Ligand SMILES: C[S@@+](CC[C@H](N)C(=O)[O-])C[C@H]1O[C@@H](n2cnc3c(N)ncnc32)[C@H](O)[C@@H]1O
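Shown here is one chain on its own, the form predicted alone, set out as structure tokens.
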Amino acid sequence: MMSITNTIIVCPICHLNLVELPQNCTICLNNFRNKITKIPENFIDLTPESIQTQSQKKSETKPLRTQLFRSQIIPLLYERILPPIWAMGLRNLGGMEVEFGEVKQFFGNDSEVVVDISCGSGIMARQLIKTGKYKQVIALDYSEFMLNELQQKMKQENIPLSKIMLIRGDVEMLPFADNSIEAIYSGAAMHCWPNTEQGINNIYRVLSTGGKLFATTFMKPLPSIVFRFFSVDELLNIMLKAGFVQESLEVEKRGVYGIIKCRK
């Protein structure tokens, strides 16, 4: 596993490589490098907040739409309640199986490593690794409880821990090198991010040239009270400002569900 990800995993602050290069990170004082040596663990925490003081963490608290998923109860209920609702048409008529088929077709067979950003309990990450098409799947989420739930699901489904690398990370400060990822999936997540524009900018940074992004989110007219919902034009503007070009970008609205497919 490490041989594949040696050139991918970096300090989320200074972007220095955490495995291969002898340089020291003067910002995090090598805290992230020390963490990555512990792989495989339940998950490794590569969020900048993991090395901050308590006062710093309080001053940089994420909004409710992000913090909700850090409660212990939501990860436990996530796959028990939501998939049947999604299958009835809220997410896709047919639910995650339909979405998985579209993701698999869009990604094709060109990628060794696939990253599932805001992976939740890893519904897609687990399906992707079971295809046998990818040498490594990286599942990244901001919620430690979601990652714990993913690990339990992996045990139940006999998926070796070495097959899916679990990382606690922040989409706004991804711990991946520039131009290093060939395929990224982010399902039903953008409306939960603190800053969608910054998250997409960061995804664009880490995608390799020709790299693919398949992302989904919920759309207006759902009201943006706790979560932030989008129009097609808003999503197009966010993607274009990040650097994606119109010719390689598709945004589709299906009811209140939006699907983004693009190449860098």
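This is a predicted model, so every value here is computed, not measured. The first residue of the sequence shown is number 1, and the count goes up from there.
From this point on, the text means the form predicted in complex with the ligand, which you will not see here.
Participant: Residue-level question: is residue 183 within 4.5 Å of the ligand in the predicted complex, judged on heavy atoms?
Facilitator: Contact with the ligand, no.
Participant: So in the predicted complex, is the ligand close enough to residue 100 to count as touching (4.5 Å, heavy atoms)?
Facilitator: The answer is no: residue 100 has no heavy atom within 4.5 Å of the ligand.
Participant: With the cut-off set at 4.5 Å between non-hydrogen atoms, does residue 165 touch the ligand in the predicted complex?
Facilitator: Taking the distances in the predicted complex, the answer for residue 165 is no, it never comes within 4.5 Å of the ligand.
Participant: So in the predicted complex, does residue 118 come within 4.5 Å of the ligand, heavy atom to heavy atom?
Facilitator: Close contact exists here: in the predicted complex, residue 118 approaches the ligand to within 4.5 Å, heavy atoms only.
Participant: Mind telling me which stretch in 102 to 110, 152 to 160, 127 to 135, 166 to 174 gets its heavy atoms within 4.5 Å of the ligand in the predicted complex?
Facilitator: Of the stretches listed, the one contacting the partner is 166 to 174.
Participant: In the predicted complex, does each residue in the set 84, 95 and 217 place a non-hydrogen atom within 4.5 angstroms of the ligand?
Facilitator: Not one of the three qualifies.
Participant: Heavy atoms within 4.5 Å of the ligand in the predicted complex is the criterion; list the residues of 128 to 144 that meet it.
Facilitator: Read in sequence order, the residues that approach the ligand (within 4.5 Å, in the predicted complex) are 140, 141, 142, 143.
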